[in-house]
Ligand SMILES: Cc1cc2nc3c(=O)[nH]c(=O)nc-3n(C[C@H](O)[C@H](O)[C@H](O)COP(=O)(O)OP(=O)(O)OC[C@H]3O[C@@H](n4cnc5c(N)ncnc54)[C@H](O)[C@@H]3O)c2cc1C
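Let's start with one chain on its own, the form predicted alone, as structure tokens.
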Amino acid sequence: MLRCFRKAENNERGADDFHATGCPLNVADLRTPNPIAGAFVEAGVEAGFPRNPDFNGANQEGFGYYQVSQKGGSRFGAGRGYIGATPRANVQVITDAQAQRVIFEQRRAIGVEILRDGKTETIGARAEVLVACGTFGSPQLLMVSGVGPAAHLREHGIALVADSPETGCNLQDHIDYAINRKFRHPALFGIDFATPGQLLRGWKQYKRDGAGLLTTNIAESGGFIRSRPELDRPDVQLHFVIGIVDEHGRKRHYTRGYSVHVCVLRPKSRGTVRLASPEMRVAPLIDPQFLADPTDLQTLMDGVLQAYRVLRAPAMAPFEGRAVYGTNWAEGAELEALIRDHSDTIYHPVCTCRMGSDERAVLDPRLRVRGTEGLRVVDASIMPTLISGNTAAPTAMIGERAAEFIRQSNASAARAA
């Protein structure tokens, strides 16, 4: 897969064995690294972890700054990289529309029904239909279209096209617990009387030279660590965030501070996506079943204790602050209660339309939906298991690999004709 990762990347550091230049997705270093995020890196080294300038290089383990999906200090996502402001002549982008179902002629996908401006429209497909609605939307679309667990589809009165028992199963996500600390420091972000001036200065610096506070990705530094020394590779990821993040920012604290996010890289818990209705307009039922496997809780607790080691190191000791919840150095039953009360998703859901060579897999190894023809899924839901890191770049890689499969299929069809 390294070849396909490199096909997606334009890394401003330059090309090497693990990175490429001249490709659609721009990757850059932070324009204005936060000094306390830097102190967190130094504290990780002081705590005995290696320094790592490139988590996506030869080794993952260690502490360092994250590279960012930016160009000139601005966000540079996949849409901007692959489509741009003006789509190519062979791409038509339809916005403010929702896919309602895949249309089948027996088992062959021949189009998609969409809802736009309150009206139902049909878009035909000459070759294939590609589903990329994400880990929650893709299994929902397949199921409302008749591809899914037969008994579940019967419950909703949906005609069966293909019995696919694992569609919507195997949901995996990185569960995350944030160590939130209140600490007043001008380099940190929060809500207080100084915030308007801080934002105004940041805006002026951003407009002047594309640097400063407004170019931060918020989670600037971190590390990949082993929760226990006997492990052979990292099983926990840390993110140092230059502000308090409570309930994904929905719960505000009128002060400054920071948070250290601890997530389990290879969770054993498995969740589900199920239909609440045969209509796509009704959100599906999502149950991640976080901490269903007790191993995940233990790994998360061990990871938090390792993060405490870093926060106690000399470089971070001056910034100890005060815990938003519980005590600063919770352990045992107190830590377990805090994790159960405050841990949540880190937005890396995958695996609900897993690919595989076994007959129960929703997709075959070329991302084709088993039991159908002319239908593929191309998004993070196809992963067989959750990867040990962030999911954005691997999803772009999946798109690159799928494009190769489609070209190969087109070439085979042309030869056959």
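Not measured: the values here are computed from a predicted model. Sequential numbering from 1, following the sequence displayed.
One more form of this protein should be noted, the form predicted together with this ligand, which is absent from this view; the next part is about it.
- With the partner omitted here, the residue from Cys133, Leu291, Val260, Ile286 that has a non-hydrogen atom within 4.5 angstroms of this ligand in the predicted complex is Cys133.
- For the candidate set Asn26, Asn56, Asn34, Asn390, a heavy atom within 4.5 Å of this ligand in the predicted complex is found for exactly one residue, namely Asn390.
- Only one segment in the set 375-383, 26-34, 39-47, 356-364 has any non-hydrogen atom within 4.5 angstroms of this ligand in the predicted complex, and it is 375-383.
- Although the partner is absent here, Ala99 lies within 4.5 Å of this ligand in the predicted complex, judged by heavy atoms.
- Heavy atoms of Tyr347 reach within 4.5 Å of this ligand in the predicted complex, making it an interface residue.
- Within this chain, Leu297 is remote from the site of this ligand in the predicted complex, having no heavy atom within 4.5 Å.
- Residue contact check for Met280: one or more of its heavy atoms lie within 4.5 Å of this ligand in the predicted complex.
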